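One chain comes next, on its own, written as C-alpha cells: the form predicted on its own.
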Amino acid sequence: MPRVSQDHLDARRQQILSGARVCFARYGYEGATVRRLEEATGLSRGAIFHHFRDKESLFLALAEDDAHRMADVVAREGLVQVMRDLLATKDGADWLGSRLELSRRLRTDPEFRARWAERSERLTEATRQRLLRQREAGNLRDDIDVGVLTSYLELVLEGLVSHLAMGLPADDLEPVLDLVESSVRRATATA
C-alpha cells in the first residue's frame, strides 16, 4: 500500500475541519450527525474518523483550531482585532455557530469543559502577553491590572458573540469596538 504524504494528510484534515465547521454551525453538536458530516466534508465516515477519534474529538479539534487562529491574531494585533474580523468576514457566521456551540457544551458538559480548559488557556495567555507588550511600549493604560484588562476584553468578545447570536444588527458596531480599544489604551495628553 502506498504511503500518503504528510501534506496530503494535513490537507485532508483541513478539509474535514472546514466542512465540520459549517455542519456544526448549521445543525449544532447534536444535529451534526455522521451523515451530515459526510455530506459537509465530502468524505466517508472512515476518512473522517481516521483523523479524529469521534465526533467530540472532531468538535474539540475544530474549537481548538479556531482558538489557535484567534490567538495568532491576538498576538499580532490584539483581541479587538479578532472582534473586528468576526464582524468583517463572510464566514463569521460559521465561526459564530461553532463558538455558540462551544459555549453551550462548556455550560452543560463537565467532561467537555475539563478537556477544553486545557486548550483554551492559549487565547487568554496570548491576550495577556499582547497587553503586557503594549504596556511595556507605553501604549496601554497602567492604572488597571493586565489580568483585569484581559478579562474585560474576553467579556466584550463574549458579549459580541451573544449580540450576533441574537441576530441583532452588526452594522454599527465598529464605533463600539473603537471605544473598547480606546478604553484600554493609555490616555494621551492634549495640548
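Between two forms, the rigid core is defined as the largest C-alpha subset superposing within 1.5 Å. Please read all numbers here as calculations on a predicted model, not as lab measurements. Note that residue numbering begins at 1 and tracks the sequence as displayed.
One more form of this protein, predicted together with another copy of the chain, exists but is not displayed; see below.
- Segments offered: 142 to 150, 129 to 137, 38 to 46, 55 to 63. Contacting another copy of the chain in the model of the complex at heavy atom distances within 4.5 Å is 142 to 150.
- Contact check for His163: a non-hydrogen atom falls within 4.5 Å of another copy of the chain in the model of the complex.
- Within 4.5 Å of some heavy atom of another copy of the chain in the model of the complex lies at least one heavy atom of Ser183.
- In the model of the complex, at least one heavy atom of Arg26 sits within 4.5 Å of another copy of the chain.
- Among heavy atoms of Ala67, none comes within 4.5 Å of another copy of the chain in the model of the complex.
- Residue displacement note: Arg107 has its CA displaced by at least 2 Å between this form and the one not shown (rigid core superposed).
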